[in-house]
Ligand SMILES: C[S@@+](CC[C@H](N)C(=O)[O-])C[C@H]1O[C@@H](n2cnc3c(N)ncnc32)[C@H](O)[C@@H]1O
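Below you'll find only one chain, the form predicted alone, shown as structure tokens.
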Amino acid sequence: MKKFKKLICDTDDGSSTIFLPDLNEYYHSKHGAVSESEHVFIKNGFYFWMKNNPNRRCCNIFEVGFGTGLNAFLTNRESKFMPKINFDYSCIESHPLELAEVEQLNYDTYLFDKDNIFNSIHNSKWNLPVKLSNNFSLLKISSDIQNYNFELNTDIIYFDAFCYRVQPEMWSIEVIGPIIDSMNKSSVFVTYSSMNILFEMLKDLKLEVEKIKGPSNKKKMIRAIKNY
């Protein structure tokens, strides 16, 4: 995407997000940025995988669409309650935000970030792994996902690209297929979307797919499990 004007705005739960007026698109739900991320990715991705893989001592998480870094921040926060599990968090972003834009977001104060992790996430270098805590490593990848070669086996996929109306190419088999190929057995794919085209694509890729309750005012979202 070309560079668009960005506006910082509050969402209904009091947390902030970014709005792209040229595209009429929000980075998060206007009904609640943090509440959406917590419901879709933390509750129904992160903790769902933990519940179904209680004996695992390592977890590879891959996020499509790093955006504001909110999902990475929330995942790091939850990882502190699981010190015996090592988390490797990789995320890919083709159009990183500028630090001046990130500094206008209120996640650090809204989520009582006393350890300054949110700033550490954004100040870390791209394409180099960094250790955020004893059991959590972060790798931010600056690239188009179409040009990315998966070299890791993933346990949890956070699919958080812009919606189909804005980025239809991100919801294609050319993008989704390699992601599914990278997933381990018993891994989980979650996204805020409930599109039938994605639902059927994941079924064709032999995943166990379901539409479950979505966040806030959104009725449904998709979660899929790879059982092979």
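Remember, it's a predicted structure, so these values are computed and weren't measured experimentally. For every residue, the number given is its place in the sequence shown, counted from 1.
We do not show the form predicted in complex with this ligand, though everything after this point is about it.
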When this ligand is placed as it is in the predicted bound form, are 11, 77 and 110 each within 4.5 Å of it, taking any non-hydrogen atom of the residue?
no
Just to confirm the contact call: exactly one of 46-54, 196-204, 66-74, 178-186 touches this ligand in the predicted bound form at a 4.5 Å heavy atom cutoff, so which is it?
66-74
Have a look at 146, 137, 106, 153 for me and say which one sits with a heavy atom within 4.5 Å of this ligand in the predicted bound form.
146
Does at least one non-hydrogen atom of residue 102 fall within 4.5 angstroms of this ligand in the predicted bound form?
no
Under a 4.5 Å heavy atom criterion, is residue 92 part of the interface with this ligand in the predicted bound form?
yes
Just checking whether residue 170 would be counted as a contact of this ligand in the predicted bound form - the rule being heavy atoms within 4.5 angstroms.
yes
Does residue 42 reach this ligand in the predicted bound form if we count a contact as any heavy atom within 4.5 Å?
no
